[in-house]
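Take a look at this one chain, the form predicted alone, written out in structure tokens.
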């Protein structure tokens, strides 16, 4: 029997397909249906338990840690994002809730609230430099780095998931509210236009241009 919910489920950027710049300079793609949990608590009190349940250790400031397909991102002194494969987040949230019982904490499922966009390739840094005030030099923003910032008019969390030295790298993942996902997609495409990235027309039909 077909699961109606699964059959009707659509990712925030289901209407978009992966696009590429010329000569493998950059590529833009959605990473659909990732599980996303926000965990809040005193790191000193929850770290050991979280590691035991999630596998990955709590990261230090502005960094991410990984264990298999599960990653934990530092987003504040007492706030972390846990990113999982599709359909793995609910069980993990339940396990964390039980394991942390008696310790002040909060686990919130935000899987449907945020879209995830991957930007990769040698010109990815140059594209991001046009959109944010973050220092995107490869000596300043490295693999595993995490930071929140504005990208144009969209607020997003940026995570470098693969190094500049890896084939096809570097790779950056941006988490953005689903209501701003299409805007950010079009903005990133515009930032890569000089390297042959095809422009994307916003769904809402508004006209705008990338300020330089």
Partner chain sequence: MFLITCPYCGTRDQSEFSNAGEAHVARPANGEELTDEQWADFVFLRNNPKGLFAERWVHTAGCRRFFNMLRNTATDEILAVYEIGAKPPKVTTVEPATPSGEAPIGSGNDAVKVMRPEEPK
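Residue numbers count along the first chain shown, from 1. A quick note: this is a predicted structure, and the numbers were derived from the prediction, not measured.
Another form exists, predicted together with its partner chain; not displayed. Remarks below refer to it.
Heavy atoms within 4.5 Å of its partner chain in the predicted bound form map, among the stretches 64 to 72, 150 to 158, 163 to 171, 47 to 55, onto 150 to 158 alone. Within 4.5 Å of some heavy atom of its partner chain in the predicted bound form lies at least one heavy atom of residue 40. Among heavy atoms of residue 94, none comes within 4.5 Å of its partner chain in the predicted bound form. Interface membership of residue 142, defined by any non-hydrogen atom within 4.5 Å of its partner chain in the predicted bound form, is ruled out.
Within 4.5 Å of any heavy atom of its partner chain in the predicted bound form lies no heavy atom of residue 85.
In the predicted bound form, its partner chain lies within 4.5 angstroms of at least one heavy atom of each of the following residues of 64 to 91: 74, 75, 76, 77, 78, 79, in sequence order.
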